[in-house]
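In the structure tokens that follow, a single protein chain appears in two forms: structure 1, then structure 2.
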Structure 1
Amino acid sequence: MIYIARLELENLCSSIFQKLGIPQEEADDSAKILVAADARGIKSHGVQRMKRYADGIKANLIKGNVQPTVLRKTPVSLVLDAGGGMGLSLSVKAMKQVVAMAKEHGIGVCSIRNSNHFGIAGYYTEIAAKEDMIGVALTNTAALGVPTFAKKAMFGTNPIAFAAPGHDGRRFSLDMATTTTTRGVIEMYEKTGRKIPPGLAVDIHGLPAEDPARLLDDMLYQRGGGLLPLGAEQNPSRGYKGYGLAVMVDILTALCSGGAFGEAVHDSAITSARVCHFFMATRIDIFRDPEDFKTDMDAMLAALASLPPSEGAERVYYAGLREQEAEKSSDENGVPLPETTWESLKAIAEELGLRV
């Protein structure tokens, strides 16, 4: 593991984006989101994805300097066509608009179509939480998830993020895929030459998938098979909960914006699929005095984090605590990157003529 100062890593990533033709503000915002993932320990969504973003930008599938088209607007809502722009920086702007609507009217929502991969959903909800608001961020993704009792992927890993603040930067921050696992985990089984354990994925017949290489190929070319929905780990019939949550995400992101949903969302060999997002912010003081709310949040979070662990476990967490602790450590000691990730990031930079 190599530790890189956060600002240095952000600057490098922004320089790469700018060399690829992304305007500075978009490049800076996008770099911050990628580095935030690594700083929080969410490596799957960090700078190791830079090659995919770079390939997408080179292929003109991810475009800089796009002004999203406003499709519909009310004082509390906004619907955008992102025109294939940078999903990362564009989502920061969208969340800020949602927060501005909530400041004025109590609530704001935004549904966006035709966007690109937006990194960690939890980055956006925390923009709201820092403003004494409750934040929600959703995105659909390439179809990798198989409905209960089916054998074909019909929805993405469709994550749900939700954040609410306590005092002094304390916060509850959930960011979860609605499938049992993600493609990144299947890729890990492939890299390490291991079989996929039961309960995570099914093959083209809807039976437990064991061979990660075959599953990844079948998923990429949409031949069938895919990831099981949350809850199906032990009993396939229980997967209806994750399946239902994933469809809920498709409805709010894609059906509300008129974008691509279900199996129509798919990756190309080059880069990620055109995806849809949904953001929401609600001012806490439309419900209650924010101080009282945050006092209750503090009490709840403290009660959870101080619970005696079960036999064999070390500690009880609440959503976001582990990531907040990792981020604090990254800010003090540098952002930890596996050497291979750092080397490949440097290679991308050097190829573009940047000095690292």
Structure 2
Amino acid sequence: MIYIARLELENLCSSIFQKLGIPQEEADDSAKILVAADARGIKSHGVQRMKRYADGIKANLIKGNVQPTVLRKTPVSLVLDAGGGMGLSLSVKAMKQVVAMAKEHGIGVCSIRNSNHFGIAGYYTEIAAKEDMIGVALTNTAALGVPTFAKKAMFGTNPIAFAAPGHDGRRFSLDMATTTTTRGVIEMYEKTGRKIPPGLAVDIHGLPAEDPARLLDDMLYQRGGGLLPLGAEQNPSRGYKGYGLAVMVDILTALCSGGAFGEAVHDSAITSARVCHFFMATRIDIFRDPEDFKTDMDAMLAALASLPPSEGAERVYYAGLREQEAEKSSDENGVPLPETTWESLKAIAEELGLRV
């Protein structure tokens, strides 16, 4: 690992996006989200994805300076066609619009079609949590997940994020795929020359997949095989839990916006698929006094974190705690990047004429 000052890394990523023709505000937002993933230890969704963004922008599959089309609008809801715009920066704006609706009416929701990869879902829910709201963010992805008892992918990793605030920056912040792992993790196995552990994916025959390069290629060209749904690690029949959640995400993101779902969502050889998102913000005071809610949230999080750990474990975490601690360390000591990721990022920058 090498350690890069967070602001330096954000500026480099923003400069790359700007060199590729993305306006500065969109480039800055996008860079912050990618770097936030690495700062929190979520390397599968960090700057290692820059090449896929760069290739997508060069091919005009990811576009900057796009004004989304409003398909439907009410005081508490919004449906957008993103027109192939930058999913990262677009999603920041969408969540802020949802928060504005909730400030006025108590709740706000937005479903979006024809967008692009938006990084870590938890980034957007925390925009709401910082405004004393409960936040939800969902996205579908290219078909990578295999339904229970199937051997062909029919839904994406379809992550679900949820955040609720406590006091002084404490928060419950869940950000999880509905598959046992993500494609980004499989890419990391490929880059580091490791086999896929059992219980994460199946090949075109429905048998445990070991070769990450073969699996990535088979998923890209939809030959069969893919990632197992959440819950199927030990027993395939229990995958119905993740399978059901993944379909729920497709309903809220794609069916509500009129976008692509299931195997119709597929990546190209150079970049990620056009996808759909869903955002929601709810003002806490429609339920109860926000200060009382946050006091109870503090107590709940403290109770979870103070539980005695099981034998062999160091401590008990709640959702978001590990990432918050990693982010604090990154802010103090620099964002840790695998050397291969840093070299790849430098090569992209230098190709565009940027000094690193």
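Remember, it's a predicted structure, so these values are computed and weren't measured experimentally. Under this definition, the rigid core comprises the largest set of C-alpha atoms superposing within 1.5 Å between the forms. Numbering for residues begins at 1 and runs along the sequence of structure 1.
Note that the form predicted alone is the one shown as structure 2, not structure 1. Once both forms are fitted on their core, a CA shift of 2 Å or more is seen for residue 198 between structure 1 and structure 2.
Comparing the forms between structure 1 and structure 2 on their rigid core, the Cα displacement of residue 189 reaches 2 Å or more.
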